[in-house]
Every structure is written in structure tokens, then in C-alpha cells.
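Listed next as C-alpha cells is one chain, alone, in the form predicted alone.
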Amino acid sequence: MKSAPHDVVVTGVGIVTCQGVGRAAHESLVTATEAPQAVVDNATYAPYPIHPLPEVDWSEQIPRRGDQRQMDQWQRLGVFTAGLALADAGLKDDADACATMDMIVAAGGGERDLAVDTLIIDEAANHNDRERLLNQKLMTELRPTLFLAQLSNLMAGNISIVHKVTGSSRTFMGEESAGISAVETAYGRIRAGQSTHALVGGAHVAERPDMHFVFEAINALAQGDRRSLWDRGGQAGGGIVLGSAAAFLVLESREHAEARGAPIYAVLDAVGGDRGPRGDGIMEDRLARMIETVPEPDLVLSGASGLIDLSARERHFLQKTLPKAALRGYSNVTGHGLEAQFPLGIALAALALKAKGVVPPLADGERKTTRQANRALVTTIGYVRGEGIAALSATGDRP
């Protein structure tokens, strides 16, 4: 006889964005009476604005200097934020719980040697046999340890080392879709009874010129002084403003959380992801199919990347499909966090539902509301491919 599915609840939130470090800094985003101020650096990587990493005391979650030194900034950010989530859930010092905890990480690539990258590009312009040139430079110019630093699963490995999370481990790659798949997998395993508790999330560092190069290859980045999320149509460039951000969640079955007396932020009612062609309204049809299976939300937290045409399509669809919900584009105040974007939206939704407050407009053009959020929908649409939604409800407001 098939057992009933298990409720999946959020019991731990670790979050770092340009707005600050930890839960308290971000609770104020979703409970303030006025729209928060964006933290933007328009100068350092001009013409591309970014939302920079805040000042972080890494030793608070990564006490050993040796551990800090052997990670690049992207790994440090993820390991630090995972520690925040574990501490917030009351599990950081629970050796037994960490030893049996599933870990699912959304990751990109790590450190690169920009000098070598530049050398290869410059010399390739004057070479006919570029494959031979590339192999020669890789063998003679790169230090061997750099290959290890670039491995996407090193973040999960370092979380295991630093925080002793040693249950099963999975790492997803694939930009925004990686974050969607990571959360969807954790949710599915707990709901099916294959897991009782999981650590899931990702991190992204915007202060990386190599990442700017990747985005700008398709003219995706906004140029010039940063404009509000829904108002970038007349701005030079593609519209995306990258943000240094990380978000990790502790998800548990309700039974597991209640057995240990853990406070619950919100119930994760549904998670869905898909991908495919986007022309002729096909993307909107996919989103509609995912959304029609969840209760109507009071709050929609859109992870719109800022890519001009795509974000305009998402906004139009959400306003048409969910006209009563308060639409809030959170990347306006955090920047676009790539692999971390979907977990970040869920973290903010969980904080908003727990606070039982009214979320202020986060970007220009968003209407104010006096309606308390009891149900939230989080969306993330990848700037190239992949779409995801998550539905959450306050603990006393189940569908």
C-alpha cells in the first residue's frame, strides 16, 4: 500500500546578498514599510553595474584559516551561507543530524586564471591551428591546482569538510536550472519519504570578469547606471544586473521537524521545473501548466533576470494570470544570482510568510498592497533556458 506523501517544511534559512548577511538583514526587505534601497556598484566593472558582495567575516562559519585559503570566493560564499542555514535550523552542532543529512548544491564553475584566458584569446587571433595552441597553453601556463579549483562539486565537498554534512551529496550544474533542479530533487525525496532532512542551495559571485564575458557574449548585461528591474527597456545592453548572492535552505519532513521541536518558517507545497522552446507563447503555456496546480497566491516573488524582452513577457504573464497577487521582483534589490536565484526567492518567501507582514514594492512600477501574505509563489526563468516555480504557504494556511 502506497504511503501518503510527507509535508515538506522550511526550518532553516541562510542568505547573503548585497543587502547584508543573514536572516535579519533580509527579513527587513520583506517587512519594511517602504521599498528598500538597492546597493549598486556602477563603477568597478563599468560599463556593467553589479550588486556587490557585502562585507563578510568568513571566520564566523569557516573558522580554520587553512580552509578559507584553499577555497576561492565562490566556494567560501557557499560554505559560509550553508553554515548560516544549519545554524538557523539548530542543526549545526547536531553531529547525528548532519551525518544523515542529504546535501544538494546548485553550482557553476570556480576560479579561473584571467591572465591565461587573455593570453589564449590574444594569441589565437594570429594562429591557424587554435586547438594545438590551446593544448600547449593549458599544459604550460596553468597551475595544476587550478583544475581542482574549477570543479563544481568542490562546494559540496567543502561543506562536508567544514560543517560535517556527510549524508548523500548531489551537485547540479546548469545556471538557473541547476537551482530549480536542486530544490525540486530535495522536495521530491522528502515528500516521497526517501529523505527526512536536506540542505539545498547555491551561490554566485558577480565580481568575476570571466562571468561578465560569458553574459556579454549574447549581449545580456545592462550597461551604464543601473535602472530599476522593470524599466530597462531604454537602457543600453541586455538588461541583466548580476548580484553576488547565496541562499541555502534546510528542508525537512514535518514529522522530522516536529519531533525535534524545530520552528517552521513555511510549508513548501509544490516545486516544478521545465524547459523547452520559448517562441509563440510556448513558455507562457508551460508556466500556466505549472501554476494551475497550486493555490492562488497572495504574493508572487519573481526572480526575473532583467533580460529585457524575457522579463517583460514574465511580468505580463504573471499580472494577467494572477491579477490579485502582489508582484515583487526581488532581483531589483539583490541582483541576478544565477544558480542561487531560485533558492534565494524561496528563502525570501519563507521569511515573508513567517513574518506575516505586507511585502513592500521591491521595484518601480509595482503596486502597493495592504494584503498579508499567507501563500506565495516564487518564479525563476533562466536567461537562456529553464523555468521553475515554487509554492509556499504559512504554517497555519495549508491548501
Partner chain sequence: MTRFTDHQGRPLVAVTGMGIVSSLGRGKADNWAALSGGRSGIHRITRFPTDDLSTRIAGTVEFIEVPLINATELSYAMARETTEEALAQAALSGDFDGPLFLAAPPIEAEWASRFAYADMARAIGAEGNAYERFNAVLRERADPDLHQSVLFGTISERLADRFVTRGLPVTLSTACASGATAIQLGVEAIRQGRTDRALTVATDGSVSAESLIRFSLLSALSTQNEPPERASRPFTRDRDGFVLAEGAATLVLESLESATARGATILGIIAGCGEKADHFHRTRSSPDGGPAIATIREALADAGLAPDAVGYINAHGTSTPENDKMEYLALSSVFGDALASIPVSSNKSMIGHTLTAAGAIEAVFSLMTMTSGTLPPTINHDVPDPAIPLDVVPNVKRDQTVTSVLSNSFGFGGQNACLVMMAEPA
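Positions refer to the first chain, counted from 1. Only the largest set of C-alpha atoms that superpose within 1.5 Å between the two forms is called the rigid core. Remember, predicted model here, so these are calculated numbers, not experimental data.
FYI, the form predicted in complex with the partner chain isn't displayed, but the following is about it.
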In the model of the complex, does residue 54 come within 4.5 Å of the partner chain, counting heavy atoms only? no
Though only this chain appears here, would residue 384 touch the partner chain in the model of the complex if you measure heavy atom gaps against 4.5 Å? yes
Contact between residue 203 and the partner chain in the model of the complex at 4.5 Å, heavy atoms? no
Even though the partner isn't displayed, in the model of the complex is residue 135 close enough to the partner chain, meaning a heavy atom within 4.5 Å? yes
Proximity to the partner chain in the model of the complex (heavy atom, within 4.5 Å), stretch among 255-263, 308-316, 218-226, 83-91: 218-226
Mind checking whether each of 67, 117 and 160 has a heavy atom within 4.5 Å of the partner chain in the model of the complex? yes
Picking from 274, 231, 296, 284, the single residue whose non-hydrogen atoms come within 4.5 angstroms of the partner chain in the model of the complex is 274
Select from the listed residues 165, 304, 327, 251 the one whose heavy atoms reach within 4.5 Å of the partner chain in the model of the complex. 165
Can you list, in sequence order, the residues from 203-218 that come within 4.5 Å of the partner chain in the model of the complex, counting heavy atoms only? 209, 210, 212, 213, 214, 216, 217, 218
Core-aligned, is the CA shift for residue 118 between the shown form and the other one 2 angstroms or more? yes
